[in-house]
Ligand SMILES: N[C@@H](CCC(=O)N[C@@H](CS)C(=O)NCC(=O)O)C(=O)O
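Below, in structure tokens: the form predicted alone, a single chain.
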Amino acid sequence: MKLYYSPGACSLSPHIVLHEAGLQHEAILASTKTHQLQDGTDYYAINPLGYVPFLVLDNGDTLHEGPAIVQYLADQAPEKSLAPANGTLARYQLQSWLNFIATELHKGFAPLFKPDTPEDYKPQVRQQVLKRLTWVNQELGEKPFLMGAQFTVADAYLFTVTGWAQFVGLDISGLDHIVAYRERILARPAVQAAMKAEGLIK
């Protein structure tokens, strides 16, 4: 499989899942600024949407959108329990988390990364994201992971998105459960392997 990624972007989530699942893959850097690969290939020719993540399977089939990609990857290694079984309530609860992270957090952060976002609008955006994260902090509580005792693909996504706070002037130090949670996730070997592969840590 080939995963097209940009360092530290939302594609870090499936990159982590690939390592957690122990799946053979090739990670290919696709700049979201130049929309070119390192060899000069036009990324739009591979993925017309031009963003990451983008997964190309061995047979040539493709998948885009992180929440779909991570569930597919989890289902390729069911013994790793990275997603509850299809058809169970727990699977729908996982999808609920993935959808929340995608729409309320991921998209919530987006204006803070855009250079054309008016500066006087950014405090309002930060306040809204912090409000959502405060709710997550309460839901997380003392649980080791979002779904309880088991690490799932939702954790890979939440870890990725909450990591953006430091780059956009959003102080989450008061969200004690999330702070401790991030430390737990960062300590996982698969997470460190994915981050090292993207040059995010040494």
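Values in this document were obtained by computation on a predicted structure and should not be read as measured data. Residue positions are given as counts along the sequence shown, with the first one as 1.
In what follows, reference is made to the form predicted in complex with the ligand, a form of this protein that is not presented.
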{"query": "Close approach of residue 107 to the ligand in the predicted bound form, 4.5 Å, heavy atom", "finding": "yes"}
{"query": "The ligand contact in the predicted bound form: residue 9, any heavy atom under 4.5 Å", "finding": "yes"}
{"query": "4.5 Å heavy atom contact, residue 176 and the ligand in the predicted bound form", "finding": "no"}
{"query": "Contact flag, residue 52 vs the ligand in the predicted bound form, heavy atom cut 4.5 Å", "finding": "yes"}
{"query": "One residue of 41, 32, 150, 62 in contact with the ligand, assessed in the predicted bound form (non-hydrogen atom, 4.5 angstroms)", "finding": "32"}
{"query": "Candidate stretches 99-107, 71-79, 85-93, 128-136 - the one whose heavy atoms come within 4.5 Å of the ligand in the predicted bound form", "finding": "99-107"}
{"query": "Interface residues of 161-177 toward the ligand, as seen in the predicted bound form [heavy atoms, 4.5 Å]", "finding": "164"}
